[in-house]
Each structure stands twice: as structure tokens, then as C-alpha cells.
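In the block that follows, a single chain appears as C-alpha cells, in the form predicted alone.
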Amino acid sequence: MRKLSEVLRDWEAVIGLEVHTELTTLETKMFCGCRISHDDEPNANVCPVCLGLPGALPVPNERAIESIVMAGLATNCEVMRRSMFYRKHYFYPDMAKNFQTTQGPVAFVMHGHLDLEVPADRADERPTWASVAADGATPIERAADGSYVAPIRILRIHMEEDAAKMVHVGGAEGRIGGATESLIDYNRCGTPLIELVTEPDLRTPEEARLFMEKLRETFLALGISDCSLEHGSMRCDGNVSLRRRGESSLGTKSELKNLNSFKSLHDALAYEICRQAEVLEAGGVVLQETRHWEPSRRRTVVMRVKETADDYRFFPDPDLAPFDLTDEFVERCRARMPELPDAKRERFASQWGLTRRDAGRLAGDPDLARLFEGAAAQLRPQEVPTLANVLINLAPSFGALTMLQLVSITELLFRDALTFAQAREVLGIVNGTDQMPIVVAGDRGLLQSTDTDALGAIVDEVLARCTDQARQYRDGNRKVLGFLVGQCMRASEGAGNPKLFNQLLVERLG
């Protein structure tokens, strides 16, 4: 099988995503009053409605509808004022009533878009000469560093109820094939879930991964879900087909399941692109089918031939009246909208002088963004980029740092009283306690002197006895500077700041 880079020179991948997100921040399920929880005993949160017992009638969750409207507004979608629920019929034990309540041709929100920024270090999969966007109309212009922005259209975001959780015991990788028994937990059944469907506008596995990451950041900022891929509250299916470069007609697509991480999404799409290319180049035919991703074997395998809409016998749910969303309802949802990650990133960059990359990493996590802004308010403006460095590169290793501890370690690093390695050591000690970094660093003798007069005297003493090395430096041997800094650190018994020693040595040596 050829490598992805080789395949994408000859073939164009056409990728669309279906992203399923449980509205886990709500208290109750979509059509009943059962509590939403993933941690309770199996089948503890069930009732006649979510079990589909005869005569039980559903009642829609208004807060869930507010959440999907907010999701639509955040993704530049049009809010459809009139829509309704349908029944999607299938026979499988994860839905006891044998149909799923979902939406039909008209969803609550439709026809949106997101602009996907692809940084230079993640842009290699799209050939540099492939400058036409997925919709065939909008040119993609690459920046000087190779980065680009790809417009990704969103077809719809619709509401549906989640199915029960099935656990297959004894099978390989949790699959039903080869299992000795299957267990069903209906606690999840009926949980409100939104499904976002993109147009087939993505062209590389990396673009798909970036889109999923961006969507997760957006939904986290809205506060509508915990977006946990690990626990299944955010899941993704990928649809992919190939066509020869320069062609406009679509090929036959495969749908990929079990993509429960960003890495799985990327790797499954990459494998499937290469597999389809191998089939087509051998004169074979790609079948429309649903395939399962096996992470351990790094391959996709056939699950079933793809169903069509006719197989599900869609029809309007007679137990649920059509929805007519008023302007007042939509504006109430709009008023609840927080600052979204893209806007927050631009504000962090302009307000604090951060790089767009660092600003984006902070803005994409609501908890991290709140911690950053709270600590930044207690620092001088010139110290804030150091705070960003601490939060991005140090703090993730420690789970229980307070805002005051972050402020203290930032101030120490900014004035070069600690090295980064020493800061890591100090944070390991104060993590989960009420101790302050400046106190711990002082007690352990880690604080480094930044008194230029005192350090200057040490530099003069070192140069007076290391005349040979000083001459080598002046003759052009810059490597000897490290030796001189080491001598200064030894003379100060480790209490001097190496950066300042380096600076003072360069000044004196001319």
C-alpha cells in the first residue's frame, strides 16, 4: 500500500464529517425527566419514556433546543424557524422502542460554515499546487510560510436522542463479533445529542482533525457539553471517497466508525484513502459501506453495507408537534453566547502581545483561559507572555496549582530568579498545597541573584584568572563563553543567574 503523501499527489480525497455531541451539561434527558449521568449504576436513570414503554409520551427539553441554536449561531448557521422531529426506525437493542427520535429534512439549524486555519506545520498533506477549495469555487491562498485557510461548509446541525450503551464481553476490541454476551445500560438512552454534518469540503486527514479540534473548542466555550472523546460524549464518523485530481464528479464513499480520538480520526482516514487508491488502481470498485476502525491493527474492516434513508422508514413523529421558534427565543439564545475561541485568541494576542499560536492554545480551553485572565490581571503587562509560557509548557504537568502560585512563579521567572528547570521543581513541591513558590524557592536555596553589581564583581574575578579563555573568545572562539559562565556559576555557588552572567561576560569581553 502506497504512502498517503504519494496517493494524494494523484488522487483527491473528498471528506465529510458527522460529529455527534451529547449535551452533557444539561440536567435531564431530551424527552423525559431522567437525570443525565455516566457514572451511576447501570439502568438507574430510566423511565417509561426512555425505555419506550407503551403509552409513554415524550416532552421536549427546552434547554436542549437553546443549546442547539447556540451551536448553530456559533457556526454561522441559519436558524430554521419551523422544524419537527421524525422517527428513524431500526431494530437493535440499544433503542428499546425500535426507533430513534431525530429530525427530518429540516433541522433546527442549517447552512453554516467555519473557516479552518491550517498552520504551516500541519499543511503538508495538501499538495501546494492544490489551491482550489473543497467547494470548487473559493481559491485557497497560502501564506508565505505555507499555512492556509480552508472554508468548510456545514450542511446542518440536528437534534436527536442518544442510544443506550452496549458492552460486548469476550470479543476483540469491544466488538460484538466473537463476544460471549452483550450487556445494555439504558442510562445513556434518551440523552440529548446534536449531530453536525459538514459538506464534503475537507481534503486531508489533518484538515479533518483540525476541524474536529476547532469544533470541540467551540462547544466547550458554549458550555453545552464536556466534549469528552474518551468517554464518548463527542464522537465522529468520517465519510471519504477518492477522485482523480482535476475531476469534479464524486466517487463512492465509505463511512468510518469508531473514531473516538483525534488520532483515530486522522489515522483511519489516512488508511482508508490509501486503501481505496489501491483498490481503484488495481481496477477494482469501491463499495458504499460502513467500516470499523481497528486502532490496534491500524486498519478498517467492513461492518455492513451502507443503509439508505428508505431503510429507516422515516416519518414525522405523531407524538411531537412541529416547532415554531420565535425571534424572541433566538435572540435569547444569542444573548447567552460567550466570547468564542477565535475572538478570544485575537484579543489575547492584541491585548497581551502573545503570539497567535500561544493565544490560540489558551483561548481554546475555557478553564485555562479563565485562569490566564485572572492571573494576568495581577501581573505587569510585560510579565504576561511569561505567564502564557508557564500555563502552556509548565502548568499542564501539575493539576492543582492556584492562581496565586502561578502569579508567583511567573514573577520569579520573569526577573530570572529561577531557571525553567528550577521552576518545574518548585511547582512539583507546591502543587496541591497552599505554599507559595517564592517561599519554597528561598527555603531550598534556589533563588538566583540578579544584583548586577554583585554579579559583575564575580565576572571581573573570573576574567582576571581565566585570561587564556578570555583571549580565545576575543579571537573568535564563541564556544568558550559556556566555560566562563560555568566558572561564574561555581564562584557564586550557584546563586548567580546564568543569563545575567552570560550578558555581563559578553559586555566585558567586547
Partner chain sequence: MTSVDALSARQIAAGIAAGEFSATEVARAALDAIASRDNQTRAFLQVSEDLALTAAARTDAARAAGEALPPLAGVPVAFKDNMNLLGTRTTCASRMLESYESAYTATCVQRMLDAGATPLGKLNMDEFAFGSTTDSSAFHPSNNPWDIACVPGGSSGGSAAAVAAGEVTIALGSDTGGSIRQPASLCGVVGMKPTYGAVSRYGVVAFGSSLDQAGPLGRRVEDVALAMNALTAGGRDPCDSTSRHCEQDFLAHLDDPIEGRTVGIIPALLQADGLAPEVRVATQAAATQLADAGAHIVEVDLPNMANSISAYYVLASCEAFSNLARFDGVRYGYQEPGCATLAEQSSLSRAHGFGPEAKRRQMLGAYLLSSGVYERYYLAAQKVRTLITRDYQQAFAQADVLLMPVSPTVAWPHGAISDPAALYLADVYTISNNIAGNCGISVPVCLGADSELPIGVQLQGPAFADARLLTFARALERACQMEGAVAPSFAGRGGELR
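For clarity, every value in this text was computed on a predicted model and none was experimentally measured. Numbering follows the first chain given and starts at 1.
Although not depicted, the form predicted in complex with its partner chain is the subject of the following passage.
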Output flag, L51, V59 and K97 jointly within 4.5 Å of its partner chain in the predicted complex, heavy atom basis: yes
Flag F315 as yes or no: does it have a non-hydrogen atom within 4.5 angstroms of any non-hydrogen atom of its partner chain in the predicted complex? yes
Looking in the predicted complex, any heavy atom of A423 within 4.5 Å of its partner chain? no
Can you check whether G55 is within 4.5 Å of its partner chain in the predicted complex, heavy atom basis? yes
Would you classify K165 as touching its partner chain in the predicted complex, given a 4.5 Å non-hydrogen atom cut-off? no
Only one of 194-202, 67-75, 234-242, 315-323 sits within 4.5 Å of its partner chain in the predicted complex by heavy atom distance, namely 315-323
Tell me, out of H113, R87, K257, R216, which residue has a non-hydrogen atom within 4.5 angstroms of its partner chain in the predicted complex. R87
Looking at F348, F108, F372, Y186, which has any heavy atom no more than 4.5 Å from its partner chain in the predicted complex? Y186
